[in-house]
Ligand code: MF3
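Just one chain is shown here, as structure tokens, and it is the form predicted on its own.
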Amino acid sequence: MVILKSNTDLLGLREAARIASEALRIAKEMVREGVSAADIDEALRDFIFSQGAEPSFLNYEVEGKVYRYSTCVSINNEVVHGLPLRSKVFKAPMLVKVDVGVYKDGYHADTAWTFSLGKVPPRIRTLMRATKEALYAAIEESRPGNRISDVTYAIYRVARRYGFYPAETVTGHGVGLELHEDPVIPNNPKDLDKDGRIRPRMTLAIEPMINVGTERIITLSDGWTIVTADGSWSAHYEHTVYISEDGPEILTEDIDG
């Protein structure tokens, strides 16, 4: 069921989004050689708690599995849900994707960003640009009266124009009172099922995940980490977006700005 938000809800969502954005800014400063994914996870966890909030992901349960970390940190061919392990040490050239959820006073915000470390190949720079462009194209389609398929096809068109592939089965989602709410927002048109209308007062977590070489993905034996089937690199950007009568309002921040 889609949960529509009140003006009071919007105030709470904005505060959760502010904290999540600040957490990503901390992550951005930490992405350098020799730092581990666990270092980022611990720093962001401590920051979120210092704000009187909680990490949305910590102890999140899905299909009988419990997630024991505060963030997801995915590198290179890891599409999403990468575990922030101490053994995952950053070494250039590398893509580092940090996904953060914040729960504050009853409200969740969800955001993710891709950071490059060192001199990544030009094609990977283009991948980052294309994925971010797909995010904003999708947000532009997130207007009252449009359909979820309009958002999905916006992502698809940008990805294919650059010769890339939106990852299959991984999706955006509603967000706010719960971390994952309806509607499901596929990145790949193959995954479109219900094609509901976008309505005022919805809150959406829109998150293109785009791969260099294939749409196909694989979940590793840890039960969480999703990687590209061909080993090619992937990028991921995400904003929490409130849908007003006049159109989309982005609640989280552009970390490149």
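These figures come from a predicted structure and were not determined experimentally. Residue indices: 1-based, along the sequence shown.
The same protein also has a form predicted in complex with this ligand, omitted here; what follows describes it.
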{"property": "One stretch from 37-45, 53-61, 187-195, 227-235 that, in the predicted bound form, holds residues within 4.5 Å of this ligand by heavy atom", "result": "53-61"}
{"property": "Heavy atom of each of Tyr67, Val80 and His173 within 4.5 Å of this ligand in the predicted bound form", "result": "yes"}
{"property": "Selected contact from Asp99, Glu141, Glu168, Glu133, since only one has a non-hydrogen atom within 4.5 angstroms of this ligand in the predicted bound form", "result": "Asp99"}
{"property": "Sole residue of Arg123, His180, Arg147, Arg160 within 4.5 Å of this ligand in the predicted bound form, by heavy atom", "result": "His180"}
{"property": "Exercise: Val151 in contact with this ligand in the predicted bound form, heavy atom 4.5 Å", "result": "no"}
{"property": "Contact test in the predicted bound form: Val73 vs this ligand, heavy atoms, 4.5 Å", "result": "no"}
{"property": "Stretch 1-27: residues contacting this ligand in the predicted bound form, 4.5 Å heavy atom cut-off", "result": "none"}
